[in-house]
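Just the one chain here, laid out as structure tokens, in the form predicted alone.
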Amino acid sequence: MIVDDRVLREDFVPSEVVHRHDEVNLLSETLEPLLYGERPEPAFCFGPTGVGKTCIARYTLEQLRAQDPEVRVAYVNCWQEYTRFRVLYAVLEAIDRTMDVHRSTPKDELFGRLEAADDRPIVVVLDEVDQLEETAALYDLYRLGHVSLVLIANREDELFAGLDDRVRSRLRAGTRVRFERYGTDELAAILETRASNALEPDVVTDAQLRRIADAASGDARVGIGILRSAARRAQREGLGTITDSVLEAAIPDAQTAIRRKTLEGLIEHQRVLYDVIAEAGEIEPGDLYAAYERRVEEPKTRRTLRNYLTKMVHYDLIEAVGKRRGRSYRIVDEDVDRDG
């Protein structure tokens, strides 16, 4: 049934994109100066989760490198690489410059190595850039003339609110590429393309693809996860097609799997916040911060905690209830095992 499992992976980059041509064109135009030996202005990809920001950035850079293989690309997921050291190390690793680098290596030495790697241009993609705890890494990268930036985040105002003044002023002029939620028809078309490349013919019907798209609510990540879960379940059961009953069982399975993966990706301090909220059922910010501070040895600032909470809201792990002054937090689905 499944002929190419790679196509059903979340990080798969298709050879052609569907329903994102305007975004591809704008990002391509922004990066075009690289083809002429010039440095482009920073590019921002803004939008909710599951709308193709990462996929389009990767796709566009693959197209760029096909025209100029001399351009190097470093993809950094700031959900995992959230400190200055980790960001600089990840970029150096992408260009094979990490020999003899250790945890004790000074950050300025990492910057010096990156500064010396100016023989070819580097495009640094910082995904989930609003997760950065140390925006000094952005300042480091911006001031290197051979480094160009593609920054991916959910919302512009939240990203810039977390930047210090020197970084904010330098990035204001960048190009904004904005992504909206997919409509049901758009997401169904994306799923049809994935199915035709990943599955045997006639395994899934158009009506089922629309059902998946509807259940995913405009989130391609969820939609692809449901299709993958349904195909694997049908294959395990020895079926020749994805039946409606298999599909209905796959929908909650895929949603739970994505949620678990997101929970597993939380950094320590986010996980503490999540656990406090889950145990309380619903909790106000002041009580949440106090409980968090009792559980960790080196608590983060309130500003950083607010950024963490905002990020978890974007990923549907928690929800904020009420207005700013009377706000409280609760987890979205209490039926999910909090131990992941």
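What you see is a predicted model; the values in this text were computed from it and never measured. Each residue number is its position in the shown sequence, starting from 1.
Missing here is the form predicted in complex with the DNA; even so, the following discussion is about that form.
- The closest non-hydrogen atom of residue 285 lies within 4.5 Å of the DNA in the predicted bound form.
- Residue contact with the DNA in the predicted bound form: residue 233 places no heavy atom within 4.5 Å of it.
- By the criterion of a heavy atom within 4.5 Å, residue 295 is excluded from the residues contacting the DNA in the predicted bound form.
- The closest non-hydrogen atom of residue 314 lies beyond 4.5 Å of the DNA in the predicted bound form.
- For the candidate spot formed by 303, 306 and 327, every residue has a non-hydrogen atom within 4.5 angstroms of the DNA in the predicted bound form.
- In summary, among the residues 86, 97, 170, 211, the only one with a non-hydrogen atom within 4.5 Å of the DNA in the predicted bound form is 86.
- Think of it this way: in the predicted bound form, the DNA has a heavy atom of just one of 111, 142, 82, 75 within 4.5 Å, and the residue is 82.
- In short, of 306 to 314, 56 to 64, 28 to 36, 42 to 50 it is 306 to 314 that has heavy atoms within 4.5 Å of the DNA in the predicted bound form.
- Contacts between stretch 253 to 276 and the DNA, counted in the predicted bound form as any heavy atom lying within 4.5 Å, involve 267 alone.
- In the predicted bound form, the CA atoms of residue 131 and residue 273 move farther apart by at least 3 angstroms compared with the shown structure.
- Cα of residue 86 to Cα of residue 314: at least 3 Å shorter in the predicted bound form than in the shown structure.
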